[in-house]
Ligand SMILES: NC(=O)c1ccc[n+]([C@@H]2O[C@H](COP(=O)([O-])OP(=O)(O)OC[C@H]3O[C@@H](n4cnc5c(N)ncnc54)[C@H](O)[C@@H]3O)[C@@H](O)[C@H]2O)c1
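Take a look at this one chain, the form predicted on its own, written out in structure tokens.
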């Protein structure tokens, strides 16, 4: 077994060539050094400073090419969390639209609930801002296409926030996949499992939350009207009015990772989901276990997420005719298949000894150079360097594109494709039927 624990620089060097082979306009995975003028800083503001928003701010602190100049959140106490996450005083507001009016804001980072992605994106684009929007890009199929149209009409830079697309780990997996070493790949199996209350979106609800410090009316935009409910505000991922369930929370990472590694940027033709709400009887809308089988041209993809058991955690396996590649949160493992010519003796076990010997002699005559014995496969393992942060690289890639006006690794089309995969899974689950993608009509049927 060959284990390789490469340095960050070595890993980036290996991955950059693979990315260039996919699409010449795509930036290398570590975009920190890609700016023509390192002194130029992208001035960004963030909308949504809850859990993920604070993660983005902390990651952005590692990217010297950007500076936060403002933050917005509908819960007033999160104005302080934004300052703490960024590490210094920044202007804060409850109304993100005031950030769009500012001339010193180049770009907007969006970390709101899913159902507000469309509204904030369209407003930001209309104000001439570039956009980084957390995954899943859209809450509905219609939202996604509205966002694509707006971004392209406004000629803005857009990056969807599935950070593993910029990971040096995924760059290595892409290099292996595109080298042909896997052979023909017709089957991909991926899973992401959790077994904690937080992993099941049971987030803290502050005791002080009230209509006085939570802008419930603004939060409820584009959602069915309901009385103020702090649980729905702070645990929005539980509810279909605002979130997208396991599909939007975890499937989207797996799908975007598969897209990035394989180069496939198309929606599955159909999907079938199965699962259920088995453990968390807390009034949520979404299942805590979900499995979906997707049909792509020439390939089947199986996704599985479970919030009741964390075995295997994050894993994408590519099964090829010449090898198997498994990508986890920290490693890429390649295991070659034994594909050298071998005499298929099992099929002759029902024949006479004379028949078997005659067949073996004929096979040996046809394969004089065949090795006499099977050599054990050589397993290769690539390990991500300690301390590496793919979110920082994803944000750096976005800042670089804002500065250079080059392409990003996860643009609006890529992000929309991954999000539609999530919508297909949810549609099939809730309708208990096969969900079929109608590309011409841009809609899900079934």
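Positions refer to the first chain, counted from 1. Only a predicted model underlies this, so the values are computations on that prediction, with no experimental measurement involved.
Here the subject shifts to the form predicted in complex with this ligand, a form of this protein not shown in this document.
A.B. asks: Considering non-hydrogen atoms and a 4.5 Å limit, which listed residue (144, 257, 323, 161) is close to this ligand in the predicted bound form?
C.D. replies: That would be 161.
A.B. asks: Taking this ligand in the predicted bound form as the reference, which of 238, 125, 111, 290 has a non-hydrogen atom within 4.5 Å?
C.D. replies: Partner contact (heavy atom, 4.5 Å) among the options: 111.
A.B. asks: Decide if the three candidate residues 298, 421 and 444 all line this ligand in the predicted bound form, where lining means a heavy atom within 4.5 Å.
C.D. replies: No residue of the spot touches this ligand in the predicted bound form.
A.B. asks: I'd like to check something about residue 66: if you look in the predicted bound form, is any of its heavy atoms closer than or equal to 4.5 Å to a heavy atom of this ligand?
C.D. replies: Flag for residue 66 set to no.
A.B. asks: Taking this ligand as it sits in the predicted bound form, is residue 107 in contact with it (heavy atom to heavy atom, 4.5 Å or less)?
C.D. replies: Result no; residue 107 lies far from this ligand in the predicted bound form.
A.B. asks: Decide whether residue 219 counts as a contact residue for this ligand in the predicted bound form under a heavy atom distance cut-off of 4.5 Å.
C.D. replies: Residue-level check for residue 219: yes, a contact with this ligand.
A.B. asks: State yes or no: in the predicted bound form, is some non-hydrogen atom of residue 48 no more than 4.5 angstroms from a non-hydrogen atom of this ligand?
C.D. replies: Close contact exists here: in the predicted bound form, residue 48 approaches this ligand to within 4.5 Å, heavy atoms only.
A.B. asks: Select, from the options 52-60, 381-389, 395-403, 412-420, the stretch whose residues sit within 4.5 angstroms of this ligand in the predicted bound form by heavy atom distance.
C.D. replies: The contacting stretch is 52-60.
A.B. asks: Using a 4.5 Å cut-off on any heavy atom, which residues of 124-159 would contact this ligand in the predicted bound form?
C.D. replies: Contacting residues: 134, 135, 136.
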